[in-house]
Every structure is written in structure tokens, then in C-alpha cells.
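This document opens with one chain alone, in C-alpha cells, the form predicted on its own.
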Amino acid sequence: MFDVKLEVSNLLASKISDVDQQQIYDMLETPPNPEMGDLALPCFKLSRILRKPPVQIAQDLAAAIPENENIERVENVSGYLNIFLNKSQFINKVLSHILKAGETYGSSDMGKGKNIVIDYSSPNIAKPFHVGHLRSTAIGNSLYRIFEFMGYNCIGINYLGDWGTQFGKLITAYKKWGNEQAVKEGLIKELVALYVKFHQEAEKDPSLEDEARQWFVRLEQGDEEARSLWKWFIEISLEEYQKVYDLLDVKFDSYNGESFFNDKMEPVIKELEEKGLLKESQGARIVDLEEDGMPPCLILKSDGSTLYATRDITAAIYRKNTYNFDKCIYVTGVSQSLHFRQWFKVIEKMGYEWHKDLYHVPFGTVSIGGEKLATRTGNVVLLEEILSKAIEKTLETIELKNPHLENKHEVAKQMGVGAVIFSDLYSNRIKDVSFSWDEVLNFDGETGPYVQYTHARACSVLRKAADAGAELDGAFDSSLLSSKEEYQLVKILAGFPDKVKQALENLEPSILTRYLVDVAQDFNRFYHEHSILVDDEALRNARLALVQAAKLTLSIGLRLIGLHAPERV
């Protein structure tokens, strides 16, 4: 793969003693103004190593750089070595590489033979799939696609919240106020209504909490009625969740939830005991983390029942033994950061070297009008409702602008759902989000539909060219792409592999999402400033090669963040 930074860093490293090529590669920057060059080497860090003033280092390097097919000229400016590339050579190498690589452009085999476990989405059974679940689902799905694109074998796990005292509450509510027909008709909405009613009534009659605890104990002990109702609630929930996953085009390799580990915790508790890590505290069993600057990690309550940490430790050991992962990634809200730090530390204290391969990928909180999402109070916005409204709005736009579009309902789904996912992935994942219908349904500006429309525009140009008899064989004369808009578009396309790698290393899909907006903007500037299907065959072929490269990059990038790339809109 052609990497101009690699070529330049190799050349510079050969002229500088005591500094290796990777150090130079990492120092190279893209100047904020194209008039300052295509790449720049700040010589300030080198000053400490070489014991020379930065200005002197830049001057020496400028004089030492020989004539080179990749570099047009170099300039030293105030301690910076500004590098101007040979535009024609650069364009030729970048476009040739993209067109040859096709759908594999930007991919790698860096993950060959390595397993990545990604734990994401993980809704609580019998609770609605609301806007708050979108973040974990969208981020996890994108990371799965990015890692897979880079050669890793990915295992996506939907760690369902299918166990806990909430089931005692739900069974109590169903027995008191529910009926089979109402649940069959209302499905998860009816289950949520019963759950909300339980909390309302429990405020007036606290004895309901005791009744709920008793039902959960019966569930834990294998009571036939409790088990039957629990399984039924799971079936209803999964059926409802699947509708959303189908809309989002999200898949999982495992649905092993919390209940899967019920019979696997005892050996882990015994191991903690044998390794001298368990201590008693007010009747409970804990792992003391005071020396690590954290509160104790609670393993067993005073009544002997297990907790989230017990299950997470057990699940991590099971996943390591089952999948032998290179990394195990957990995509959950930032509010759980302490919980993950605690049990990651317990894994380390147990003597497992792979504790360093556990990663928590936190994301900011989601609120509605500044209020926290809460199922028990009914303060939620259902994700299926959001997706349906986004699809409906997209279809209205299509009916207005292109009513004869083939497969318009499918395109409306791809773009409506894409708008919701893109909106969620556009900001840095750690940023808090306040849900707004206006923002989610605003398709103007830096949005998913804007990028998808740009891809469709590129496809339209290529179709028209093919219909006119143009040969899209990738042959082109790079010297004809001489405008600043053409060069800028090539430059940003060249950066795609680096952006994919950055997104992977930082576990941050927004790097790719924002990059795609930049590509779309640069493509549209080129499209508006220059006619593509011109009479001059050589110029037309050169510009069509650029369109093909942009179309490919947009298509791959959209796929990596979980969006479709429609060819007609």
C-alpha cells in the first residue's frame, strides 16, 4: 500500500542520525494551510536529541534532501521543514492503489489469527429498547466491523440482562395486575407498564418489595411457575429487540446473558478464596482494593447472593477460556467506569496476565430534557419509534424529490436509519447526549443522509459515463488533475487507511464518521467546480478515476460505521 508519510519518513531518517524512521513518521504533521506544504516536520523535538537549534536542523535537512520522485521541493520556515509533494506522482500512486484495492482499500491483515470479543448492546430483558441503548449498540457494531476489516476474528456478545431482582418485581406485578392476553397483545409495552405500576404501588405499599424478593428466590431455586414466566418474558423481549436489530442491521455471535453464568460462579468464588483475596466485611465477602485507591469490590452479599462483579469476573474467565481473546472490549456507559476498574483489578490480583487485554469503552450519558432515562418512571423514548419516524421522514422527502425511485421504501429505511446511527456516532463517544427529536430528524448539514447522498451522486456520475460509452477501466493521466479541488480530494482519500487505524486504536468510531463528512464536502466542492463528463477523453477518464476512488472510499467508510451506501436516492 502506498503511504507517502512512510516514503518521506524513510528518506528523512536516512539523513538524521540517532532518530529512527518511526519517530519521524509520528512527528510528521499536515499543515493547517496547504500553502505551507503537504507535510511538515517540526524540528523542536529533534533539537533536544541532536542538540542543535530547530532552525538549523530544518536548514540542514532542506539542503540534504536529494531530488526525489515523491517530493517537489522542501522549505525551512521557523524550525519547520515544509514538504511539498510531487502532485502528479502522488495523485497517480494514491488513485492507482485505491482502484486496484477496490473494496479492500484501507483494510489490513494486522489482526490475522487474533480474536476480539466485543460486549455491546446488552439490554435488560422485559425493558424497552430505548434511545439510551442505541449508543452501546451503534458503537459496538462499528468497532466489530472495523476490527473485522483489519483482519481480526470478532465475537460479538449481547450480554443480556436476563437475571436479577427485577424479575421478582415483574412476576409480582404480572400475578397481581396482569393477564396473559394483555401481555400477548401489548408485548414488551405491557411488561413495561406492569414494571412501572409495581414501583408506583410499592411506594404506597413497601411489602410488595418483600413479595418480589420472595418470587426471585423461587426463581433462583428453580420454581416451575417462576421459571416459566421468566422464560416467557425473555422470549417476548428478544422478539421485540430483534425488530430493532434488523432495522439497524446489527448481528451478534452470542446471546449468553447473565443467567448463563449462574452455575459457573461457584468455582470462581472458590478460586478467589483459595488465593486469599476474599475478606469478610459486615457479613459480605469483598476483595479489598484500598491500596489501589478504589472502594472494595463486592463479590457476595451478606445473604450469600452474587453481584454484577461476580458475574463479570466469571464471564471474563469463561470468555478467555472459550475464545482465547487478544482483547475483550466492553461498550457501556461512563457511569460504570468504576465498576469495570474494580473487577479488572480483581482479575489482575487473581494472577491473570490477560487483565491488560480487558478494555472498557465508556460513552456519555443520554438524557431527555436533562432528565435521566428511567424505565421505572416511564421516562424513555423507544428506539423503534425513533427509527420509524426517521424512515417516514426520509420517505416523504423521496416522494417529493424522486417519486419514481426504484426500491424507495428500502432506500428510505437505509437513509432514515443511517441518519439516526450517524447522529449518534458523529460526536466523540464520551460526550453526553441530550435527546432531541429536532436534532435526530434534521438531515441537513453534517449528517448520514448527506454522506449517503454524496455516494449516490458519485454513482450517478459513473452510471452516466458508462451509458455514454466511457470505459471505466481505471486508466488515467494523473497530470491532468491539476486543480486545488482535485488535489485536495485525493489528499483526503489518501488518509482513509490512517483514519481506520486511528478509529481502531482509539476505539472511537467518530474518527471515521467525521472523516466521511470531510470526504463528502471535498467531493462536492470538486463536483461543483469541475465538469466531469467533458469531451476531452483523457481529462474525462482522469476525473472519472477520481470519482471512482471517492465512491469506493465513501462506500467502505459508511459500511464500517454501520450504514448502507445506496446507489440511487
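Whichever C-alpha set is largest while still superposing within 1.5 Å between the two forms counts as the rigid core. What you see is a predicted model, and the numbers here were worked out from it, not measured in a lab. Residue indices: 1-based, along the sequence shown.
One more form of this protein should be noted, the form predicted in complex with the RNA, which is absent from this view; the next part is about it.
Would residue 415 show up as a contact with the RNA in the predicted bound form if we use heavy atoms at 4.5 Å?
Contact with the RNA, yes.
In the predicted bound form, is there a heavy atom of the RNA that lies within 4.5 Å of any heavy atom of residue 177, even though the partner is absent here?
Looking in the predicted bound form, residue contacts with the RNA do not include residue 177, since no heavy atom lies within 4.5 Å.
Check residue 110 for me: does it contact the RNA in the predicted bound form (non-hydrogen atoms, 4.5 angstroms)?
No, residue 110 sits far enough from the RNA in the predicted bound form that none of its heavy atoms falls within 4.5 Å.
I'd like to check something about residue 77: if you look in the predicted bound form, is any of its heavy atoms closer than or equal to 4.5 Å to a heavy atom of the RNA?
Residue 77: contacts the RNA in the predicted bound form.
Where does the RNA sit in the predicted bound form: which of 222-230, 99-107, 382-390, 441-449, heavy atoms within 4.5 Å?
Heavy atoms within 4.5 Å of the RNA in the predicted bound form occur in 441-449.
Which residue among 286, 492, 154, 350 has a heavy atom within 4.5 angstroms of the RNA in the predicted bound form?
Contact with the RNA in the predicted bound form is made by 286 alone.
Looking at 302, 479, 181, 242, which is the one with a non-hydrogen atom within 4.5 Å of the RNA in the predicted bound form?
Looking at 302, 479, 181, 242 one by one, just 302 meets the 4.5 Å heavy-atom criterion.
State yes only if every one of 5, 11 and 321 has a non-hydrogen atom within 4.5 Å of the RNA in the predicted bound form; otherwise state no.
Not a single residue of the candidate spot has a heavy atom within 4.5 Å of the RNA in the predicted bound form.
Residue by residue through 225-264, which ones have a non-hydrogen atom no more than 4.5 angstroms from the RNA in the predicted bound form?
Sequence-ordered list has one entry, 258.
Is the shift of residue 532 between this form and the one not shown large enough to count as movement, that is, does its C-alpha move by 2 Å or more after the core is superposed?
No, shifts by less than 2 Å.
Core-aligned C-alpha movement of residue 53 between this form and the one not shown reaching 2 Å:
The answer is yes; the displacement is at least 2 Å.
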